[in-house]
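Read on for two forms of one protein chain; each stands alone as C-alpha cells, with the labels structure 1 and structure 2.
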Structure 1
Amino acid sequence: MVNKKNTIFSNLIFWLVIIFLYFPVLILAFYSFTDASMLGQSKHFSLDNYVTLFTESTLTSMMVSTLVLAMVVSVISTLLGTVGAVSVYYSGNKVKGFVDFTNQIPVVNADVVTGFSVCILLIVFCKMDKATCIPLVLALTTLCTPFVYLSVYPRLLQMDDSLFEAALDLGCNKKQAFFKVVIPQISGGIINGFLTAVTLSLDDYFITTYTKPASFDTISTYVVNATRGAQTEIKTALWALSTVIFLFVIAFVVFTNMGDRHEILE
C-alpha cells in the first residue's frame, strides 16, 4: 500500500521545483504585456513591447541573424555528429572507447575555455578573418557536434542489426539499406540532436563573443549588451522576446508529445 505521507511530500517537492523553475519566467511574461519600464512598476496592459520587438530594425536583424546562424550550425553539426556516430558504431572496440572518451571532453569542458581555445586556433594561428562568420560557425559546430553524437549513438545501440542484414538479403546495396533501414531507426536521435544543436547555438554567449564579427549579434550577446546603457524600450522589448521564445518552446513540446502519443496509439 502506498504511503500517503510520502505521496504528499513527493507532490509538494514536485510543485516547489516547478514553481522555482517557471515562476520567474511567468513574472517576466506578465510584465511584457504592461507599460512598465522596470519589474514591479506600473501594471497597465500594453502591447508596446511586442510592437517594438517586431518593428525595431536592430531587434529584427538580431533575431534573423540568430536564427540563420542556428540553422546553419545545427545542420552541419547534425551531419557531422550522425556520420561520426554511425562510423564509430561500425568500428572496433578500441576506436569506440577512444571516441567516446574524446567526445566527452568538449561536453564537460566550460564554454569559456572552448571559446577562447577556438579563437586562438582559428583567428591567431589559422589567420581567419574575424570580420566573417566562418570562425563563429566553426566554433559553434565544435560545441554542438558532440551533443548530436550523444543523441544519435544510443539509438544505434538500440537498433536491430538483423534488419540491415535482411535488407541486404532482399536485394538492397549497403547505401540503400542504410537510408531505408538505419536512418529511419535512428531518426529520433537525429531530430533530438538537431534540436539540441539549435538550443546551444541560440543560447551560447562565450564562444559567440570570442569569435563573432564586431557588427554581428545573436540573442545572447545582444541581451548582455542591452543591459549596458540601451534604451528602456529596447530592454523591455526583450521581455517580449523571452516570452515569445518560451511560448514557442511550450507549443513545440506539446506538439511533439501529441505526435508521440499518436504513434503509440497506432
Structure 2
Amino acid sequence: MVNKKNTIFSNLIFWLVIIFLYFPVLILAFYSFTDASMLGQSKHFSLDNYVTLFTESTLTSMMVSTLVLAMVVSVISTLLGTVGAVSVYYSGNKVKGFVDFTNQIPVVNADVVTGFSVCILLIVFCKMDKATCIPLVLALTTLCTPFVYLSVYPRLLQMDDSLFEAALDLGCNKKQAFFKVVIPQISGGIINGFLTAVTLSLDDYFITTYTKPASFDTISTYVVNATRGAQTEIKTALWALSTVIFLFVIAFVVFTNMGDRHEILE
C-alpha cells in the first residue's frame, strides 16, 4: 500500500516537472505564430514575429555575433583543450596534479567571478581595449577549455597504449601515429568537448557582459536589455527566437540519437 502511494507520488512529480519545464516554452511557441503582444490576448495567425526576427538589423546582427563568437571560442577551446589533455597524459604526475587543480577552478567558480576576474586582469590591469573583442574571446575560452579537457582526458585513459607502440613498430613516425591512432580513439571526447564549449558560450551572460565591447550583443545580453526596455515588437520577436532555438535543439537531439544512441549521454 505504502509502495503504491510512493510510486504514484513520484510519478506525479515526474510528469508535473515535465509540464513545468516545457509548458512556458510551448505556450510561447504557440503565441509566437500570432499577432498577440501578451499571452491570453485574442489573436490571429501571423508570421510577423518571424519576419521581424530575420529582418530587424539589431536582431540579426546579435544572432550572427552569438554564432560567430561561439564558433571561434569553441574551435580555440577544442584545440587547446585537446592538445592539453594529450600532452598532460604523456607527462609526469607533477604536471597532472597541477592541471587537475587549475582545471577545477573555472568549472566550480561562479561565472560572475570568472568574468569579472578576467576583466580586471585584461581590461583594468593590462589596459587591453575591449573593442578588439580579444578579452571577450580569451575570457570565454578560459571558461570552455577545461570542459573540453575534462571530456577528452577520460578517453585517453580508456585508450590502449600498445596501439600507439604498434603503430611506431609498424613504421609510422610519431606524427602519423598520433593523427592516425590516437586522435581517432579520442574523437568522441573531442566532439563532446566541442559541443559543451558551444553550449557554454551560447548560454553565457556574465563573462560576456564583463568583457564585451560596448556595442556588441549576444543573445543573452540582448534579451536581458530587451526585457528592461519592453519594446513590444522586439519582445514578441524574441518569442519567435526562443521557438526557433527550441525546434533546432529538438531536431539536433533526434538527429544525433538516430546516429548513435550512446554518444550523446557520455
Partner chain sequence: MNNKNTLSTYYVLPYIIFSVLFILLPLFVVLYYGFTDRTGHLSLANFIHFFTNSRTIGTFFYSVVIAFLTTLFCLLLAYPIAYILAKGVYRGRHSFLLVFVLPMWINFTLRVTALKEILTYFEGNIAMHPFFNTIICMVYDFLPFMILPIFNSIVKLDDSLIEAGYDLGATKFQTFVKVIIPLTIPGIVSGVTMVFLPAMTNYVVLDMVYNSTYIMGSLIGSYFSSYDWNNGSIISAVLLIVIGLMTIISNHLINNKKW
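The first residue in the sequence of structure 1 is number 1, and each one after it adds one. Here the structure is a predicted model, which means the values were calculated and not measured. Take the two forms, superpose them, and find the largest set of C-alpha atoms that agree within 1.5 Å; that set is the rigid core.
Please state whether structure 1 or structure 2 is the form predicted alone.
-> Comparing the pair, one sees that structure 1 is the form predicted alone and the remaining one is not.
What is the magnitude, in angstrom, of the C-alpha shift at residue 17 between the two structures when the rigid core serves as the superposition reference?
-> Superposing on the rigid core gives a C-alpha shift of 3.4 Å for residue 17.
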